[in-house]
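What follows is one chain in C-alpha cells, specifically the form predicted on its own.
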C-alpha cells in the first residue's frame, strides 16, 4: 500500500523528530566522551623529541610497565577499589532490603531520604567532615580519651582505613539506589512461599532474594568500582601525600610535570584496565552487561 502525501509528510516529521531528540545525546557522547578519548589516545601515542616536535611512540605505555611504582600503584588502587566495593555492598544490601521489603509508606520514604541527605553537599565538604572527625584533635579521638580507651590524642587520618571509610561513605548511595529498585520488583509472595516450603532465612536469601537482586548488585558494584577507582579527592585528602592512588599519578603527570603524553597514557590504561576488571566480574557472576544496565 503506497503512502499518500500526508503519509510521506508524517514519516518525514517522524524522522525529523527522532533526530532532533537524538541530537543532544549524540552531541553529548561525541563532544564530551568520544572525541576527548580519541584525542587522549593520540596524545598518549606520541613522544616529545624537541620543543613542539613529536614522533609516534609506545614509550609512554612501556614506561608504565617498566616502572614498578606506576603499576604497583595501579594494582594497589584496583585492589582497594574492589575491597571498597565489596564492603559497600555488604553495608548497603541489608539497608536496601529493609527499605524495599520491610518498610512502607512514610517510614520507607524517610529512610531513603536519609540516605540521600549526605549527597546534598559536595564531596569536598563530606571529605572535610571526615577529616574533622578523624584528625588528632577530632571528635573520635576526644571521645576515646574521655572514655579512657587512650591516654593521648591519636591520629586516625592518613592511612588506608581512613581512605576506605571515605570511599565507602561517598559511594553508598550509588549502591543503595539500584538495590532498592531491584528489590522493590521482587514479589513478596515468592519470599513467603520460600518460608512456607521450610526454607530458612539464609536459604530464602540465597535462593530467591540474591538471584533476583543480582542485576542490581552488579549494577551498583560497577558504578561504585568505577567511581572509586577514578576518585582523586577522597584518597588524597584522607590518605595524605603517601596515599599512592593512581589518579594522583595522573594528576602529577598532567599538572605537576606537564607531561601530558604520559598522563594521557595513564588515563587510557586506567580506562582499559578497569574495563577489563568489570568484564571479568561480569563473567565470574555470569551476568550480561545489557541485563545489568537495563
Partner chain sequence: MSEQAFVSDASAEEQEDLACSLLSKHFGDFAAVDKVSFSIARGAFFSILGPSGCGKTTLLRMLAGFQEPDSGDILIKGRSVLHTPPNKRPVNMVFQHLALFPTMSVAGNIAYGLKRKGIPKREHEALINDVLDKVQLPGYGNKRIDQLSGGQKQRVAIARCLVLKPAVLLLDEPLGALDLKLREQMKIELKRLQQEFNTTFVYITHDQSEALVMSDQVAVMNKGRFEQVGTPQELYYQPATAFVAGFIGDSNQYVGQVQEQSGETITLVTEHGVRLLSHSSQPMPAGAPITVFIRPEVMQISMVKPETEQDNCLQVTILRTLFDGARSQLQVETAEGAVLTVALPQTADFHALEPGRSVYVSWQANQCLCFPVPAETEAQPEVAQ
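Remember, predicted model here, so these are calculated numbers, not experimental data. Residue numbers count along the first chain shown, from 1.
Quick note: we don't show the form predicted in complex with the partner chain, though the next part is all about it.
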Q) Pick from 129, 199, 118, 153: which residue has any heavy atom within 4.5 angstroms of the partner chain in the model of the complex? A) 199
Q) Which residue among 137, 72, 189, 122 has a heavy atom within 4.5 angstroms of the partner chain in the model of the complex? A) 189
**Q.** residue 208 within 4.5 Å of the partner chain in the model of the complex, heavy atoms
**A.** yes
Q: Using a 4.5 Å heavy atom cut-off, state whether residue 195 contacts the partner chain in the model of the complex.
A: yes
Q) Is there any non-hydrogen atom of residue 212 lying within 4.5 Å of the partner chain in the model of the complex? A) yes
Q | Contact flag, residue 203 vs the partner chain in the model of the complex, heavy atom cut 4.5 Å | A | yes
